[in-house]
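Let's start with one chain on its own, the form predicted on its own, as structure tokens.
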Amino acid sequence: MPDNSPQQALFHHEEPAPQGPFVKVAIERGIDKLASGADTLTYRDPGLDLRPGDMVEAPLGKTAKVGGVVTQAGGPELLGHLSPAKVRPVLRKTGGRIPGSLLELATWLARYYASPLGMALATVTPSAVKKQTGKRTRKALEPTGAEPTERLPPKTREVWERISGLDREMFPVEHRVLAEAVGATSVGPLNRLVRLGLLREVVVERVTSRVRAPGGDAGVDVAPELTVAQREVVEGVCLALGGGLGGFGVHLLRGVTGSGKTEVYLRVIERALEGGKGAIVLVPEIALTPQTSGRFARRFVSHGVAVLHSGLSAAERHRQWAMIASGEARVVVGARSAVFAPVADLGVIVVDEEHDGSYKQDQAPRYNGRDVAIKRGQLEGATVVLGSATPSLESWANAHTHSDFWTLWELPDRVGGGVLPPVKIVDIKEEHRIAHSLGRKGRGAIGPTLAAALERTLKEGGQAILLMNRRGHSTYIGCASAACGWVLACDDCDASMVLHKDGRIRGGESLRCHHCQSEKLLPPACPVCSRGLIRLGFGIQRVEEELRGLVDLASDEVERVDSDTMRTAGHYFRVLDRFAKGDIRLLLGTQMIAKGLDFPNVRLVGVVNADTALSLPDFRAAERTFQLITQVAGRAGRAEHAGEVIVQTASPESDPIRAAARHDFLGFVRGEMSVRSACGLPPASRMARIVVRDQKAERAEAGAAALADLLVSLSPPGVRVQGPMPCTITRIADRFRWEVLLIAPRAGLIQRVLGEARARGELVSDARTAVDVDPVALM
């Protein structure tokens, strides 16, 4: 018989095991594969009524409290082999809920980009939203629905009659705001109405911010008449999907610069809104100007437009996000992360300048906003429109090989009968010889041809844009003695440091590494032989110095636009506003000025050095060079003034430069695709790049070798493993870097190999190992 004595009960009593409900939580930190082999941890729901998508705080380890997202909710079936007694409870809910469609998108994101699920979920929702930044709790008033049962004092009756005439949509409303709306000099009458049961106090939560997101001035944007080509695209996109944008499809729109692609986007979005759907418009961060966002804001003012970009404060980002989630804003315009905006009933996603490299995130999960937009469109049955004057070779290939859901459209002509500006290629070596014959000393960045065109343009009242896609002043600092040969390099990277002119520090000069961002002062002499130093190579600051001595303009009529001068989005917007008004005559910039700008008085575009991207050891170097020259050339000749483009290069016979000068996209694509196919490179194949980093060179090499062996053992026929091999820049931030490339004919094979390696716990996305699926840069 069982022993039921008091002693047995005293010493052998067991607490009943918690029976649930239970939840799976993806922890939002760098945990890759847990000991269980899963991406989630199991917790008990302590009566919070948790559902998938809820943001929570949960215990981890002995004392840590971490954020996470509920991915599953259920009963004991979620426990597996866990003992219910060992399952700890979730601590609390922390914010809102990730919609089911975005939860599914994040799950795909983690799987496709070989990233921890928690990190993918953290990417989907901004930290400002999770932290509820700017959220305030306030008391407000709303009518109870009751009618007066007794005679009201005259003042109170007058206030009540005015309240009864207000639109019910404005409630609940704060006391002071309501008093002002009905013309009351105090809140006294409102308090009497509360005591009489005609009004009641409620608590409301609002997200407030002192900063307004730039979206353009208020007003109505008048839609221009469409050209025949534009109308064909708009009607074709809508007709292909039953006219209601109710199904998934990808439409690639190749339109030359100035062909009216934005107006096509606007008309397609109008159709979506008419059908009760919402829209997302993605643009590169550097192209998100008041010109772009303002046009959407004015056209869709009655539907509400939210603008998301990196220049927003945390509170403002939360406010914009809340507008989207509540349905107050049905159109979202933003940079890469706006693809995750919680738009309900999503009808269309537009990705402008779809080729742009800024859509690729450089931290885990290393996603491409364009590709995520396509996946979200597939999951939610939305139309996806990709637009560019120079589409990526990946999108171009997809449009020609996946005709089941990809469609190609083209706008070959500029709106209004304008023509693309002529492009003149000048050999900078020949320019130096001409300059020498004219008695000019040294080798300047601006050759005689570009200098003459610049003088002519400014004299005639035009404006000019010059592209120099290299930051800093001098790119090479070394000993003046050839016998010594000392070169100033970064202490922590296998790269040279760049001289920057900086008025904020003593001496006005500093040295910066553009890879690890370290800085130090310029030494007074060579540290090896004490001789003097030479400064070679042109950066944008050195070009600016030369320009200011070359053109007859006031100092405020010349502006340099790069990441060193444009420290805030507001500063960038103000410069563009001054350029639009004509206060700035000459704009010198990096790739920040290559796209998204439409100014009618720009009559000259000059490319100071077309070879900066071409010389990089990357198989996409030719494609980037062609795209950059084509894009910046398109800023000229957009009105009645004929445009002129001058491209300075040391490689005048280069195929991408010559093709860009001819505006020959198809010719460039044919040649480049032939090279890629012959070499088995994307888009003829799919690629993943894994970089192993360590402070010890031998450990980095050994780690990469072990990884390469693993991938070889897991790879089916047709999958190639290249490496291990040192990265082009072998050491960055005092970490040695070795890489392994995984190349396959289909993306599914890449996912299979990476998924198996992760499941074994032998491929972990962490500080030591970076996994980059579909890389856009190989430096």
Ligand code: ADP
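Sequential numbering from 1, following the sequence displayed. Here the structure is a predicted model, which means the values were calculated and not measured.
Form predicted together with adenosine-5'-diphosphate (ADP): not shown, discussed below.
Trainee: Is there any non-hydrogen atom of residue 256 lying within 4.5 Å of adenosine-5'-diphosphate (ADP) in the model of the complex?
Mentor: Within the cut-off, so yes.
Trainee: Given that the partner is absent here, does residue 263 sit within 4.5 Å of adenosine-5'-diphosphate (ADP) in the model of the complex, heavy atoms only?
Mentor: So residue 263 counts as contacting adenosine-5'-diphosphate (ADP).
Trainee: Is the gap between residue 227 and adenosine-5'-diphosphate (ADP) in the model of the complex 4.5 Å or less for some heavy atom pair?
Mentor: Yes, residue 227 lies within 4.5 Å of adenosine-5'-diphosphate (ADP) in the model of the complex.
Trainee: Is residue 428 close enough to touch adenosine-5'-diphosphate (ADP) in the model of the complex, meaning at least one heavy atom pair within 4.5 Å?
Mentor: It does not: once adenosine-5'-diphosphate (ADP) is placed as it appears in the model of the complex, residue 428 has no heavy atom within 4.5 Å of it.
Trainee: Using a 4.5 Å heavy atom cut-off, which residue among 303, 295, 500, 676 comes into contact with adenosine-5'-diphosphate (ADP) in the model of the complex?
Mentor: Checking each option against adenosine-5'-diphosphate (ADP) in the model of the complex, the one that comes within 4.5 Å is 295.
Trainee: Ok, 657, 190, 547, 415: which has a heavy atom sitting within 4.5 Å of adenosine-5'-diphosphate (ADP) in the model of the complex?
Mentor: Looking at the other structure, the residue within range turns out to be 415.
Trainee: Where does adenosine-5'-diphosphate (ADP) sit in the model of the complex: which of 579-587, 160-168, 690-698, 227-235, heavy atoms within 4.5 Å?
Mentor: Contact criterion met by 227-235 only.
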